[in-house]
Each structure stands twice: as C-alpha cells, then as structure tokens.
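Heads up, the chain below is alone and in the form predicted alone; it's given as structure tokens.
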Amino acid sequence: MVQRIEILVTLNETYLPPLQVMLVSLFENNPHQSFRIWLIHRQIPDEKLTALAQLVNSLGGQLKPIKVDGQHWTSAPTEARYPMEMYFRLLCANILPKSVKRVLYLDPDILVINSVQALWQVDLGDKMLAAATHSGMTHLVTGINNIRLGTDHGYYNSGVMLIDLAQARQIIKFADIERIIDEHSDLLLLPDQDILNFLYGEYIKEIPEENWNYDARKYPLYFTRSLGKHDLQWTLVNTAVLHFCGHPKPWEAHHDNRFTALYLNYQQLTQRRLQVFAPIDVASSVKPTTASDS
C-alpha cells in the first residue's frame, strides 16, 4: 500500500488559481501517489472551496480545508507585510489535527515536475523540519543575512518545508513570533522567512535546492555552479520542485525565462481539467474543520 503524503498550503482567495496549477502538476507527476491536501485559510468562500475540492477529487486526492477563526489572532500584527496566512504556515502544527504527524508545505507559486516521494521520506533525525537554501555563487547573501539576523547557518527558504509536527508543536510558539515582530520589525525583510531563520534555523535540516526548491530565475547560476552539469535536460529529470520566486510570476505579463512555457503549459492543462471534469459530490471533502478539531 502506498503511503499517503500530507500536503499543506496556506493562502487567501487571490492565490487559488496558481494553487490549482501547482496541484495539477503535483498529481500529474506523482501518478501512483496518494495525497491529502490541507488548506488553512481565513475567509475563502465556500463555493470556491467546493470548486477546488472537485478539482482535487478529479485528480484522485482529497481536500481538507481548515478555516481559522480570526478572533484567535486579534493580537497578531497584520498588514501588507504580515498577512494572516503567514502565521498559519509557521504555526500549522497547532492548527492541523494531532493525528497528522508530518506534512509537506508547498507555496502555490510552484510546479512539481517529478516525484516528491524521496523528499517525503527524508530522515529528519533530531531536526524539526527540512528546507533548502538559495545560496548563490559565493554565499554572499547568506553572509549578509547572518549579519542582519544574527544567525550562523544558511538562510532557508520557507516555500518548501517538510515538517515534523510533533516537534513543531513543542518548539514553535505564537508568543515568540509575536515578540520577534514587536522587537525586530525593522530587520524583517521577508517576515515569515526571516522569523523562520531567526527563531528556528538551528532546527532545520538542509536539503539540496537543485532537487527540492529550484529557484526558476537562476538557471544560469545552477548551470555555472555545477560546471555545466545542471543543464536544462538534467533539471527536467532531477528536479522535483520548480519555485517561481520573486516577480513577475509566470501567470503574469512580462515573465519570460526558460521555464515560463512549461508553467503556461500546466496552466492550460489546468484550465482544460476545470472545464471538463464532471461535477461530483464533494460535501464530505469540504466539511469545515477548525483548529479546535485538532
């Protein structure tokens, strides 16, 4: 029996279209894998959750949306730099049911182009989570972030994270996150990612970015750093996760790099699926779950 992989996404209504593309790529390139998709949100309309559940069911998966009551987060700083969904990602262990032991978090601006099973099976040892760094050619950015945040480890990208939820429930606390925002707001350029590195970097196991969190902007860097080994053919065979970091995004005008056409192909595939799959009964899949159910 194939072990089910638990996938986590945390977003608002705006990011539903790219989420659909990401999910189609995930299922298409993991055809014999069972997935359960956990969506933590605050106010996505029911009709859009139903449409998403229909798509996930048509792909062979199960959608489990969890609506978080905003009243539990009234003291959390929220503005353009600190969207509510930021807290859901960092504090997912306290929101997901305790029966879920491990989860793979994926940003919506991602394409999954190969199997994620090896990532799911990574031995975390005594670490709380696994993530990749985007280190550049000379690690200069890492050094700058170390100085800026007072850390002594790589700067981990929070777009792809394998999380041991049992450990996270013990280690990650809302009060600590709130304190860091209050005391060090001027240092936080990418707030949730900076907080992850500032508070929890020592608990992170590094995984290869070329395989599990490939920055789609930086093909020339990967090619040069590998002395020409990591060309386009290598990437399409060996990379599982393409991450479209930065702006513009591939679904926006003016995005144009080696992977734009690949993204647009999956976007078209997603649109065809949305147009043709038969409506099905998804009532059980979209039954609201709340943090209190955990």
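Start at 1 and count along the sequence shown; that's the residue number. Predicted, not measured: the structure shown is a model, and the values here were computed from it.
The form predicted together with another copy of the chain is left out here; the points below concern that form.
R258 belongs to the set of residues with a heavy atom inside 4.5 Å of another copy of the chain in the model of the complex. Contact annotation: P45 falls outside 4.5 Å of another copy of the chain in the model of the complex, judged by heavy atom distances. Heavy atoms of V103 never reach within 4.5 Å of another copy of the chain in the model of the complex, leaving it off the interface. Using a 4.5 Å cutoff between non-hydrogen atoms, S34 does not count as a contact of another copy of the chain in the model of the complex.
For the three residues L11, Y15 and A51, a heavy atom within 4.5 Å of another copy of the chain turns up in the model of the complex in no case. Across the options 164-172, 84-92, 110-118, 194-202, residues that bring heavy atoms within 4.5 Å of another copy of the chain in the model of the complex belong to 110-118. Residues of 204-222 that come within 4.5 Å of another copy of the chain in the model of the complex, judged by any heavy atom, reduce to Y219 alone.
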